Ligand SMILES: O=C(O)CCC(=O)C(=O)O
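Just the one chain here, laid out as structure tokens, in the form predicted on its own.
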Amino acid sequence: MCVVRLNQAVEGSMIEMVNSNKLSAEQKEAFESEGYLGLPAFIDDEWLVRLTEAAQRAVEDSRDITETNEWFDVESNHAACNPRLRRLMKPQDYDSVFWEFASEGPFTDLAEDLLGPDVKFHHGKLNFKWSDGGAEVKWHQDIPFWPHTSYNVLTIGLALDEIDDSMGPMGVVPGSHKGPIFNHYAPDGRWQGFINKSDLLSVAIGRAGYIKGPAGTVTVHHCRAVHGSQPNVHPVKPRPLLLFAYSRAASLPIMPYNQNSRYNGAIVRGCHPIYPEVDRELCPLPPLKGQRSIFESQQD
């Protein structure tokens, strides 16, 4: 089955496919070279209002829980009177507006521009990073968490509110997607979900580009790009960042999905492939069981 965008021709009744072309040739070249993009104020206010309202409903729903569960990952000081929701898991299943955005909104156009005409949805999450110390994310790569048969995989994020230097913006090391895939296990063999300090010595962390901007700013990063973020030290403002991962349809996940989502593996643009694509460079596998959210793994 194919999922395509169609447009009525100006003359006659012929139906023709539309090429999204959301990105310029220069932006595509920058992604290929640097492994990430920052697109300030890329998403319009109509989408932002709908998505922000859904995010606020999730925060309200989280008041009723006392510990992390399959939907809500909460900080240790989370309370009904002071909700500290670190992550909404599976936003695409939580509220239909998230899936509408992930499958029909401008993210699919961006994914098509960078991955090609056949695009598969992998997973989603909404990270809140609350004010006054919201969780750090240590330097890591995404693909060791969910290996695929090839590396045509990326994550697209949307800032639901303004992000400035104080709020722990995501930093990406330019060109690191062309380097090695690092070990994300601790020296004792425990899965930790971040790159060991000894390995980081070979990564130009000081050159990281930090993606900031007004509400509606979009981040795009390659699955191999080394990235992370500092705590949010803003006194009052959280940093909600909605994230959806996509792959080329022929790049198949190797491990079981971490999320039990109804949309696992959905084709959101183009067609299901006839053959898989397989990269000759292998990706190390995460634990088969017991892999928790990145926050729980990194802060254990």
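These numbers come from a predicted model, not from an experiment. Start at 1 and count along the sequence shown; that's the residue number.
The next section is about a form of this same protein that is not shown, the form predicted in complex with this ligand.
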query	finding
Candidate spot 112, 224 and 248, all three touching this ligand in the model of the complex (heavy atom, 4.5 Å)	no
One stretch from 224 to 232, 67 to 75, 205 to 213, 180 to 188 that, in the model of the complex, holds residues within 4.5 Å of this ligand by heavy atom	224 to 232
Touches this ligand in the model of the complex: residue 148 (any heavy atom, 4.5 Å)	no
4.5 Å heavy atom contact, residue 129 and this ligand in the model of the complex	yes
Proximity of residue 119 to this ligand in the model of the complex, heavy atoms at 4.5 Å	no
Any non-hydrogen atom of residue 125 within 4.5 angstroms of this ligand in the model of the complex	yes
Residue (of 143, 195, 137, 173) lying close to this ligand in the model of the complex, criterion heavy atoms within 4.5 Å	137
Among the candidates 54, 43, 39, 243, the residue which, in the model of the complex, approaches this ligand to within 4.5 Å (heavy atoms)	243
